[in-house]
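Below sits a lone chain in structure tokens, taken as the form predicted alone.
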Amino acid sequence: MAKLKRHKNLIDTAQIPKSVRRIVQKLRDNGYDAKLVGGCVRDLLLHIKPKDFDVVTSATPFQVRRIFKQAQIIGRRFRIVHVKSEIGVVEISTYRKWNKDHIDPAVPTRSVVRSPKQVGTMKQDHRLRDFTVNALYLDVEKNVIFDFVGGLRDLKYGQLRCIGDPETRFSEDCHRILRAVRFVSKLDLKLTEDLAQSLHSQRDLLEHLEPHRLSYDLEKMLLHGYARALCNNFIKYNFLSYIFPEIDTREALSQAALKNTDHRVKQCKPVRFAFLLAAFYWHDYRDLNIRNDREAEILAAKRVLEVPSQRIALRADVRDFVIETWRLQAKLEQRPLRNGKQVLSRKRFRAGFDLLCMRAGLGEASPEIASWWTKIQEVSEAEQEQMLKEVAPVRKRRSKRRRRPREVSKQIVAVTQ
């Protein structure tokens, strides 16, 4: 391992949000060491705007919560603190250290930091991190980067290197395998030879991925502008069979959804993991061919989603989003169109419309219908009413029953008497 190196003034600290700087300063004002660490430091060095900021400190989680009254302590294996700020949640962790009582001193501890006695130092903490480019610490006040493992050098030469033996680090936490592919996809880094070999030899560890962590990991990996590159690397390293074994992300609709997601990220538009799931598993739902029966449609959709649910923890809102997007396909394609105004006002209309347009682009749906729905969103309310009338069902006029004249009816009564 390389010796500690200090690098000054490599980062424009003006890029660090004021709310993050205030959190760091507040910890220091209370007598604790506090630095930025990990991906935010790496991204600032690469002139990439960080999506989030992580702080590491000498304070325990409970000491942090006493400073930030609204903070929330989360985690079991290793407790961290979430502090809300103007840019979202800032994650604060405590310096970790090796557990001397562990049977194997070469393997770092997984114990929870509960008391000040278990708090480590920055020098001890860096040894428990996964990759060198993520083990950079920034003193915000002095604008000094602390580098114990040559992370700056690896960043300069565009390579991803594991801290310590890759097989050991992956066996400690199999989710690190996914993180390796994530960094290769996001930053276009090259794997060191030993790390590349370990990704192949250790991939069976992916069978032990935790469903809730996998769901979090996938949202983080697929919604930041490099979803296509990530899925291509999953295929390259044969990881897809452990995550989505039933689907092929090279299939046209999946590729269109991945491309659309990356494009929306670049345009700073909202993206949803649930939409990708809707595209990935659409054909499984479509092939059941159930229409115009609400209960049957929902039951069929839930049955399809049971498959990915065996490996990925899907929240209720994700399931509802996917089901509604699928059910909207039949309603959008319906001609004549019933309750068109209600369809337009549906909560998931935009997601259903986007999926319809992708399918139309691939010849799976009518381009004319997709074009019609595009146009109706662009015109005035009066023009919308007219367009909806033109495709609405023709109402059949009821034939009125002819009444007999009163005099005739009286004659009939007289005859019957």
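As the structure is a computational prediction, the values presented were derived from the model and not from experiment. Numbers for residues come from their place in the sequence shown, where the first is 1.
The following text describes the form predicted together with adenosine-5'-triphosphate (ATP), which does not appear among the structures shown.
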- With adenosine-5'-triphosphate (ATP) left out of view, which of Lys190, Arg291, Lys259, Arg176 would have a heavy atom within 4.5 Å of it in the predicted complex? Arg176
- Task: Consider the chain as shown here, without its partner, and state which of His283, Lys220, Arg319, Arg228 has a heavy atom within 4.5 Å of adenosine-5'-triphosphate (ATP) in the predicted complex.
- Result: Lys220
- Query: Can Asp130 be called a contact residue for adenosine-5'-triphosphate (ATP) in the predicted complex at 4.5 Å between heavy atoms?
  - Reply: yes
- Do Arg327 and adenosine-5'-triphosphate (ATP) share at least one heavy atom pair within 4.5 Å in the predicted complex? no
- adenosine-5'-triphosphate (ATP) contact in the predicted complex: Arg203, any heavy atom under 4.5 Å: no
- Consider Glu364 of the chain shown here, and say whether it contacts adenosine-5'-triphosphate (ATP) in the predicted complex, taking contact as heavy atoms within 4.5 Å. no
- Query: Heavy atoms within 4.5 Å of adenosine-5'-triphosphate (ATP) in the predicted complex: which of the stretches 64-72, 380-388, 42-50, 353-361 has them?
  - Reply: 42-50
- Any residue of 268-303 with a heavy atom within 4.5 Å of adenosine-5'-triphosphate (ATP) in the predicted complex counts; write them all down in order. none
